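Given as structure tokens, the chain that follows is alone and in the form predicted alone.
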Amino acid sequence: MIRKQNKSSVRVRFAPSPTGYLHIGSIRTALFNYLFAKHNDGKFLLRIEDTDTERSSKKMIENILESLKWLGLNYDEKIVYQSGNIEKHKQAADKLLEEGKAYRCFCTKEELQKDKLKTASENRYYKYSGRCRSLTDEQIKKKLEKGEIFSIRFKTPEGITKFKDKVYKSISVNNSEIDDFIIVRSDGSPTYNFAVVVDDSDMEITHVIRGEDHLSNTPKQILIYLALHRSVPKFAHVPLITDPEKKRLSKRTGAVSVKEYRKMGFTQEGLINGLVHLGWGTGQNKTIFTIKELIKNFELNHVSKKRAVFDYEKIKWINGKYISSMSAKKLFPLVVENWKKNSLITDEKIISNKKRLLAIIDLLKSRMRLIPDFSILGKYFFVSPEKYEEDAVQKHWTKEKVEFLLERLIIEYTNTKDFNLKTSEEIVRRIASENKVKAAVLIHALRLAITGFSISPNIFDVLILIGKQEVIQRIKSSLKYGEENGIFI
């Protein structure tokens, strides 16, 4: 019997296996679960599926917890470790055996492999023969007395299994297509399909939100729920994420850990905004959402059946949009840490220069996509250019009078007593006008001399933040560079 749910009873879970780092696909699933729970005033739970003792590791568990914490996907109750539920799995399996809904299978690996090879040679789909399904109690007793090892198989009933998926809508599977699948291996460990049912039921999970690759598992799991007389949760299978060529994501195409994205310079909210758009949308002409807005807008009926394409450049662009929307104050600790890492500032200078540093962040943020861009593209605020953009040199320093105009600018800036935003621009425009050239000619030449780049924020804002004496010195350095390299006409 399916439990009748209401808003306040919603309980979802994220159940990663600690056998590898938490990658983009997994964290997108966690995000969808979290947003759905919060939208419905429900609970977001965490279960660590650590029954694979050989491959599970403490390091991976720590990585999972660290990644969720950084992204702000906080779970609402104590973590459930699947390895602690082994006795519950055993009791559930024993119950099915007692009620005749499961049976012991004594088939050896060799026998099963022989059957598989036979069906493959006949170009048929392999399905367990059911050889051990009709063993009598006496036959079973003799095999057990001989010490023969066995697995436990679920006795799939006749009929049709139907369910409504929140994404894929109505799904119907004829049980004849499902073989008597193993629920407990010969070593006593539960299989995924069995353990997940017992665990989800024990945790009172109302909605199972997971990747579409689990869609084929759902009919089997529903049969187990019904056999155990447990409430069947609602299911929502979200589309898998592929690369631009519609292939499975690899490390090369973006399937790296959340930790790596953090190292690349993605912000928490920026990465979340990038991931939430992979398979979900509101139809609104809006890219950037706050977490509160995502919670308010998240509905499973907005999840698409179409597989989501992971585009790293688009995710980075979205992150840049979020950086642009952030206040300089909120960006400050992230950017300062990166500046320190790249030896652009020291701890001693942070407090005394905080106002200037905030102004630099505010000026740069609309052009940044990742946090390290503040160091790469904003380095000139702290050190003179070591080189100049080659194409820009040919474009902006080889025009007639450029050398003379820059020399005049040195004189004017040196003599001005009030070097501010207004006067610095007025001087540039006056020199250009007096020499009958467009102001843009001198502005582009000046920008290149000061920053080393052809593009920057408003150059006059840049000049004031760099300071009069340093500006004059950089213009002189650019003239020397031009003379030594025969650039100026």
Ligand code: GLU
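Position 1 is the first residue in the sequence shown; the rest follow in order. Since the model is a prediction, treat every value here as computed from it, not as a measurement.
We do not show the form predicted together with glutamic acid, though everything after this point is about it.
Just one listed stretch, out of 262-270, 180-188, 112-120, 206-214, contacts glutamic acid in the predicted complex at the 4.5 Å heavy atom level, and that stretch is 206-214. Contact annotation: Ala15 falls within 4.5 Å of glutamic acid in the predicted complex, judged by heavy atom distances. Of the heavy atoms in Val196, some are within 4.5 Å of glutamic acid in the predicted complex. Looking at Tyr192, you'd find a heavy atom of it within 4.5 angstroms of glutamic acid in the predicted complex. Residues from 44-64 that approach glutamic acid in the predicted complex with a non-hydrogen atom within 4.5 Å are limited to Glu49.
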